[in-house]
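The chain that follows stands alone, in the form predicted on its own, written as structure tokens.
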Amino acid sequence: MGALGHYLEEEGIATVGISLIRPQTENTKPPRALWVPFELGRPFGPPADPGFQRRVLLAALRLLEHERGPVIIEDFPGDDPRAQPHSAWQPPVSATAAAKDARALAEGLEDGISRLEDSHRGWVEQNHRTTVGLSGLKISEAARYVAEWVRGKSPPSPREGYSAPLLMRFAVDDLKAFCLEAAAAGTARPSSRQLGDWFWEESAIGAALHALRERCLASEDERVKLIAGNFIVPAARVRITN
């Protein structure tokens, strides 16, 4: 996008960008960029905070007032107000000891999703929306389908027009969205780190997805390996094993 900005400016169109990775922005040298110290995927800061997001947007647009150049990179003078943990937040289900075998991991995944259904209904009632639905399966069906992969099977896709690896990826995305939405229900406003720590380090669903990634990376199917390496577990949450 930084290079594209230069092309647009050559045609007389002023541009400004939001940067989440400063070294990358320094390398691409866009005409104007505002670096923000927020997590990837949140260039304007926390969700549901229009006042803060407006601050970010105005800070970016003010770069258009500068006459110096040709490259301007400035830092946003503030942190994400939701980056700090919320002391009142509690996980929706208690931590579960990590299972050792595939059968127990799969059962823990299905049981964990079932136990979160009430919390997720609460999230939807509060927010009148959900990001769950990419796979086109009911959440219990998505859990059952992913659990079969965790057990070491390669079940056929239950949806016409979707390959089994692709539907597995979409079902995993639905499970992650379902769990994080369920965990954010209620009056407490947990930070994304709190949610991530609970899901990836404490929950039975997270433990099953870690195991699924390892299993799929050992597959002879290149599609499965590609999905395992890029989409099941975020890079920042991948466990280093010897």
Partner chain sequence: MARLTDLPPAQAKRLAEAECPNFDMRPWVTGPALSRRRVAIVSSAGLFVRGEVPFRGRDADYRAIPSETQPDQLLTSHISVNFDRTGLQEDWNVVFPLDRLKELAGEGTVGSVAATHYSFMGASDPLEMEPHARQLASRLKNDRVDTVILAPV
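Positions refer to the first chain, counted from 1. Heads up, when I say rigid core I mean the largest set of C-alphas that superpose within 1.5 Å between the two forms. Computed from a predicted model, the values in this text were never measured in an experiment.
The following text describes the form predicted in complex with the partner chain, which does not appear among the structures shown.
Chemist: Against the partner chain in the predicted bound form, would Leu217 count as a contact residue? Criterion: heavy atoms within 4.5 Å.
Modeler: Judged by the heavy-atom cut-off of 4.5 Å, Leu217 is well away from the partner chain in the predicted bound form.
Chemist: Does Asn127 make contact with the partner chain in the predicted bound form, using a 4.5 Å heavy atom cut-off?
Modeler: Taking the distances in the predicted bound form, the answer for Asn127 is yes, it comes within 4.5 Å of the partner chain.
Chemist: Taking the partner chain as it sits in the predicted bound form, is Glu9 in contact with it (heavy atom to heavy atom, 4.5 Å or less)?
Modeler: Result yes; Glu9 sits at the interface with the partner chain in the predicted bound form.
Chemist: Taking any heavy atom pair closer than or equal to 4.5 Å as contact, tell me whether Tyr162 reaches the partner chain in the predicted bound form.
Modeler: Contact check for Tyr162: yes, within 4.5 Å of the partner chain in the predicted bound form.
Chemist: For the chain seen here without its partner, which of 85-93, 133-141, 147-155, 102-110 has a heavy atom within 4.5 Å of the partner chain in the predicted bound form?
Modeler: Looking at the partner contacts, the answer comes out as 133-141.
Chemist: Do any residues of 175-191 have a non-hydrogen atom within 4.5 angstroms of the partner chain in the predicted bound form? If so, which ones, in sequence order?
Modeler: Contacting residues: Lys176, Ala177, Leu180, Glu181, Arg189.
Chemist: Once both forms sit on the same rigid core, is the C-alpha displacement of Val16 at or above 2 Å between this form and the one not shown?
Modeler: Yes.
Chemist: Compare the position of the CA of Arg54 between this form and the one not shown after a rigid core fit and state whether the shift reaches 2 Å.
Modeler: Comparing the forms between this form and the one not shown, which are aligned on their rigid core, Arg54 does not shift its C-alpha by 2 Å or more.
Chemist: Could you check, with the core superposed, whether the Cα atom of Leu63 shifts 2 Å or more between this form and the one not shown?
Modeler: Where the cores coincide, Leu63 still shows a C-alpha shift between this form and the one not shown that is 2 Å or more.
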